[in-house]
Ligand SMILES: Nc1ncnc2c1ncn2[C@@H]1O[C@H](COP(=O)(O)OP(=O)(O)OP(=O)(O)O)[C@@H](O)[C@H]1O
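What follows is a single chain, given as structure tokens, in the form predicted alone.
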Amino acid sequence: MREKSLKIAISGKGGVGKTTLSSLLCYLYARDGQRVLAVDADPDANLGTALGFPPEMLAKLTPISEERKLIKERTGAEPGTIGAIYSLNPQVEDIPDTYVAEYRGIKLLRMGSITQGGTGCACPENTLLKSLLDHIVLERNEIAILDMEAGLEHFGRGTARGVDAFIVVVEPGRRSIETAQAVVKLANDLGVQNVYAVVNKVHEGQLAELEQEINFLPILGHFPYDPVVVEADFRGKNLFDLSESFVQEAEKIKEKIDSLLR
């Protein structure tokens, strides 16, 4: 099968279900025989659990932002130092193949986050993370699913424009809708064209009203509220193996993405 190069960033308010969608899309593209890189760029860092990676495998996978030896080696500066001279173009090409765990055809990379307040300058870490994201989005030939936090702090303008699709996951609730509005504004400010929504945790009768509330975004699909998702999270299992109905809805979303970006 011909390999695709497709970069999808998934964002939204914490707990809204973006990691669930990320994990389902990873499995669907891997099932198609594509090379898939799952990038956990959310400080909460639970994409590996949602994908069903064994705990012992995840325990050995350190977020890149915490790889102090790597950061110093690539940037020339000690992490957290103030006023240090460091490389603005660190070597990152090998990181997505080396600092990863692989399970069922999916490679998992944990980006980690930068803690700013009171910890000194985080510039070396930030530089490495941004360079790594640039490389993943702009240079690698694979399917990359980026599980992002609600903001787009990791993205520069060029990187953001290189993402094929930004998906904002929205659940019923004012805060979730307001987060979606903020993400859309940030994406527009960065010149991103393809921004979509996926509705999650929606009860029967809520969908039409919620769709009206987020009429500023094209909607790719929706998932119902289902206790099986809570159960999967509790058991550390992946939803791909537990819920055929969620897989079917994710397949529809994937087909829409592929059709829109064809």
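The first residue of the shown sequence is 1; numbering continues from there. Please read these numbers as outputs of a predicted model, since none were measured by experiment.
Omitted from view is the form predicted in complex with this ligand, to which the following refers.
Screening 208-216, 223-231, 189-197, 53-61 for residues having heavy atoms within 4.5 Å of this ligand in the model of the complex returns a single hit, 223-231.
The closest non-hydrogen atom of residue 45 lies within 4.5 Å of this ligand in the model of the complex.
Using a 4.5 Å cutoff between non-hydrogen atoms, residue 253 does not count as a contact of this ligand in the model of the complex. Mapping the unseen interface onto this chain, residue 25 falls outside it, with no heavy atom inside 4.5 Å of this ligand in the model of the complex.
Contacts between 8-45 and this ligand, taken as any heavy atom within 4.5 Å in the model of the complex, involve 13, 14, 15, 16, 17, 18, 19, 20, 42, 44, 45.
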